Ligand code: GYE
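Quick setup: one chain, the form predicted alone, written in structure tokens, and binding and motion questions come after.
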């Protein structure tokens, strides 16, 4: 039979072993908890990084017209008031070299998406290749570009400018009549801009089908009111009595032409019909006042469509190659008066 002393030693030994094993298990549990906590923190940090704002670099042409200002405000209002986005904005002041510089700055800042409203169609290959190499998608806004490699941009958000020109011509012929001899002067937009090229092409497509209609002069008014007035003054000086219609590629040039016609002593909208593209509130007021006749709408409120496209790209969804805007045509004072209260630009 074991002595009391032996039993005591055995009990102490067993107790010691239990304490040691308990301590080891505690350390392992703490270590596991610490590792799990560290992993969780790491995952949270990763999730925070991936859920940060979508950074969009937007290169705008400038502020040459009310339409352009409305587009800028739509994009700023949409993106700056949404915590999902961070907007970096650059005004190129109608110069392509400023836009190229802005795009390179966006690339250096590693933005998520570049939005570009290109001042002209050509000359973009080099900088857009740099964006592609940096894996930054480019979305074109309201104007197209000419590039051999169309993968240099992801999508175009905007209007069908050729259709706008065709609609302008069709509504003019409906207004004046198919068999009426009609001389037209054309105020073109910025030379080399897709909006100018396509609106001119679309208009000519329809006008050239009718021998009674002739474009007797066509010159750039640079999409500005002041230049539109200046060019119209020159047209009136050389052919004032022969002009029946002004076709302006945007409202600001049309409004400048209206001023020139009034100063010349004729009645715009009556003596000389006015056909314009865009649809800013000023031209609606001119139509209501009888000083203009036809408005072909071109919607500048592209902010929501840009935001949706950016979110889709962030989620690695495929977006449409051409995201079209919804537009219409307004003819006469009654249509203009009905639409004016809803104008946001």
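This one's a predicted model, so the numbers in the text were calculated from it and none came from an experiment. Numbering follows the first chain given and starts at 1.
The same protein also exists as the form predicted in complex with the ligand; that form is not shown, yet it is the one meant from here on.
Enquirer: Exactly one stretch in 303 to 311, 287 to 295, 316 to 324, 66 to 74 has heavy atoms within 4.5 Å of the ligand in the model of the complex; which is it?
Expert: Looking at the partner contacts, the answer comes out as 66 to 74.
Enquirer: What is the one choice in 235, 106, 153, 161 with a heavy atom within 4.5 Å of the ligand in the model of the complex?
Expert: Selected option: 161.
Enquirer: From the list 274, 131, 157, 195, which entry has a heavy atom within 4.5 Å of the ligand in the model of the complex?
Expert: The residue from 274, 131, 157, 195 that makes the contact is 195.
Enquirer: Any chance 142, 199 and 223 all have a heavy atom within 4.5 Å of the ligand in the model of the complex?
Expert: Every listed residue reaches the ligand in the model of the complex, so yes.
Enquirer: For 269 to 293: residues with a non-hydrogen atom within 4.5 angstroms of the ligand in the model of the complex?
Expert: Going through 269 to 293 in order - heavy atoms within 4.5 Å of the ligand in the model of the complex - there is one hit, 278.
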